[in-house]
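Okay, so we've got a single protein chain in two different forms coming up as structure tokens, structure 1 first and structure 2 after it.
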Structure 1
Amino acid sequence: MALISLLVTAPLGAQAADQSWQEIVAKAKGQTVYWNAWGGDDRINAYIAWAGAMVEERYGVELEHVKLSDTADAVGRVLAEKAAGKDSGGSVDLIWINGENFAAMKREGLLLDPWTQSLPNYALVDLDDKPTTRVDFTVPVDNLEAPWGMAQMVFIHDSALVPEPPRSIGKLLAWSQENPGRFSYPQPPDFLGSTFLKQALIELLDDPSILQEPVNADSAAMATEPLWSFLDALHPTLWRGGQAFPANGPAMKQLLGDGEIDIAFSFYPADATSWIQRGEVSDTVRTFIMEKGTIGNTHFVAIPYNASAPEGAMVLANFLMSAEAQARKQNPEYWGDFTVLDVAELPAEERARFEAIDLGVATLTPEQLSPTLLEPHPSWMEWVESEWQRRYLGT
């Protein structure tokens, strides 16, 4: 039904959408898709390899995973190709992308014309109740990228050492003052570190709704004042006295595993469970979120404007949105990343795939994870990040 309605609904006049799904599948056959995706986690790499095997078997599309340490490397490559005038036959076919890189690529015209409306499985996505599938960091997605997974910030504590975790930013400060050196956050502009700043910014504001509008230099100074006094008070109580910060999320996880800190956080709700399973942290580690909720968003895959195998990339993106692929991804045994689909609307046997998943000892259920806070407009983050550098980077 959804498929038919999608095909009937006239797409937004985009070129890619003029192709029918059958045409796309036919063209995709025999193509090799170079998927540029972060390669930092062997379990995610294994999941990507599995997806590759599936699309090869079913559609004759070959997948090459280009393992990145930073998504911006792929953006830079597309940029270099544009600078050299290579407007077709590019080396990147699909990018696992985040909000900031998406906003930049959209602004610079580095993305393929709207295409996700042509994919049958796009109709399964929960566009209504998961608004972040339509608006990526307040930037409209406009069918330029396909949703792939839901992320939400969760805090992680060692319950043996911190039985009663602090459930608000204010309580976190009080806790850190009582337990100096046992908390830290990744140094901005690292994405997870910036997320922590956003979380604090939202919680400390009486009316966070102004964050949904682009930043205004006059009001921003006032609106972020509580954030800076919070950080000024927090930093001396941090790990290493706030003189150094972990580089990124994995480095922070390592600190938790080594017992150097007691509270960490992550953007994947199932991370704590999977870290325990892999023996990387103590099995007394548990997850919690803040009383007012935590920031959540969606991650996507996008196709560059000069991709060599755009049809193959679409076939792959479509498969990634299937109930089969999404359910496997939500299973902590493979990854533990939450689905973008509207599970309640799925046919019974597809729904059963999700109901059968054991979320694990340290993962909160989707109900426990609410409420979700919306990401601020990206301009706020640029403002906050550069102000952070000015105040704390040192001279």
Structure 2
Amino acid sequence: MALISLLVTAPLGAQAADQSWQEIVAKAKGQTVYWNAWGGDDRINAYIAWAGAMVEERYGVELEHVKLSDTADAVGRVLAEKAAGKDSGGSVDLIWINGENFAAMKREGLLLDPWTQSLPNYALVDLDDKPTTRVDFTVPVDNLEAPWGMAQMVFIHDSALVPEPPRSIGKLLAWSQENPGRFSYPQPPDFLGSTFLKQALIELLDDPSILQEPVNADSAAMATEPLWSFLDALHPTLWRGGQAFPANGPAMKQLLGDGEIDIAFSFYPADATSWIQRGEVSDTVRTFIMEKGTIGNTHFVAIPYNASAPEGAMVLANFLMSAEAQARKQNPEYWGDFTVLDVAELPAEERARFEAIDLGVATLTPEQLSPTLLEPHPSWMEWVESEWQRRYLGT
């Protein structure tokens, strides 16, 4: 009886994962995909709008960008729908996601059955030399989300004012003490601010391998003590004395552009070039990474188990992994987000799209960006963010 009930109520999304690509394309035509994605950057919003126009023209799939300030809002909506028994016809068709939000959706059974193996362009992804396309913050991806961009933390400095930037967290503290008010970071849980905390935590630990395992509350307090000591010393030297923080990455960029700070950072290696091209920062701005490397990861799109338009979402995800879409995204003129594809294995015509990209004066080459540090297990970020808010906001 229980089996019969399960078959009757099986969500449409679960069935979608078992279809051929031809069936998926046919069913996608006429669907509207509600893509829940961060909407805090005009340049990224423009790229998403372009992708929407392409899939509508070629596949008859309409895209509605639901602009989020926090991905957890979309995750919470799907969770609430599941609790209410809404196993089909959900309000979210696609989510830009990674890290703790992916881990939470996987843990709670909120994702469509494995589906990325059905997408033709998934074969173009570099699964061997870019291991973060297979493991999201230590959690196996298991074909539950499709990679669509590579990110790595880079620090950005005005070379006219800081010709020799500090290349370690310890040196950054010393520099900030000598140059009070000239550095800041976004307030956690903004993802970029939280990434700065993770970068500092990794550098300050003698053995950061502990971060690859789920957090243990008993050992976490001791492991994070160097981080809190570092922040306690850093905060009085920050912009506005550490009594206020920029809300997010764009706000920190604005401080750099206005000359209020001399060092910022980003999760997109080509951002500095893109900012210069748009006249948002001085043309003397350049990029650097820390001596031991910086955190990098892959960002993905995932489909909730109860999506209303799962086939349309798969068509859009497949387009996002195409050489055409990936090359446009890597171009600093449009975004500057590095590709997940194995460019060397692409057909010559597609490879030429990437070879023609001018990365600009402020973008490091892939060789200069090495080494890339692995993200900690998602549970560490939840623990650190909560403790940060308790210590510095009293919440």
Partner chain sequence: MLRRLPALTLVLMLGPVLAGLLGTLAPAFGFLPALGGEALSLDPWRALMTAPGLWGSIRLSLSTGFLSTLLALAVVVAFCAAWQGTRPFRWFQRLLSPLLSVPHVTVAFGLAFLLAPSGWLLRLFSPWATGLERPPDYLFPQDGFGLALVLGLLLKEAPFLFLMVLAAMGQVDAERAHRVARSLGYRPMTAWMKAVFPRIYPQIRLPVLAVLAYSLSVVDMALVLGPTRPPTLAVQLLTWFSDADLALRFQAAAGAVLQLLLVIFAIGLWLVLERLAVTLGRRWIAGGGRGAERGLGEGWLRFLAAAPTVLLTTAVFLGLASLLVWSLAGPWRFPDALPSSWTLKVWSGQGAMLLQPSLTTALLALGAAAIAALLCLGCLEQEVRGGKRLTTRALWLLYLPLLAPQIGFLFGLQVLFVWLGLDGVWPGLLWSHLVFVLPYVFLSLRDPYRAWDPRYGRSALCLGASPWRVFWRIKFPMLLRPLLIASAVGFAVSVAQYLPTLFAGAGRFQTLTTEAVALSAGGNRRLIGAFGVLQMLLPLAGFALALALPAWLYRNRRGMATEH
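All residue numbers here follow the sequence of structure 1, with the first residue given the number 1. Note that the structure is predicted; figures quoted are calculated from it, not measured.
A.B. asks: Looking at both, which one would you say is the form predicted together with the partner chain?
C.D. replies: The form predicted together with the partner chain is shown as structure 1.
A.B. asks: Would E291 and F245 land in one rigid part between the two structures?
C.D. replies: In the two-part motion between the two structures, E291 and F245 are assigned to the same rigid part.
A.B. asks: Please work out, using C-alpha superpositions, how far the smaller rigid part turns between the two structures, and give the answer in whole degrees.
C.D. replies: After superposing the larger part, the smaller part appears rotated by 10 degrees.
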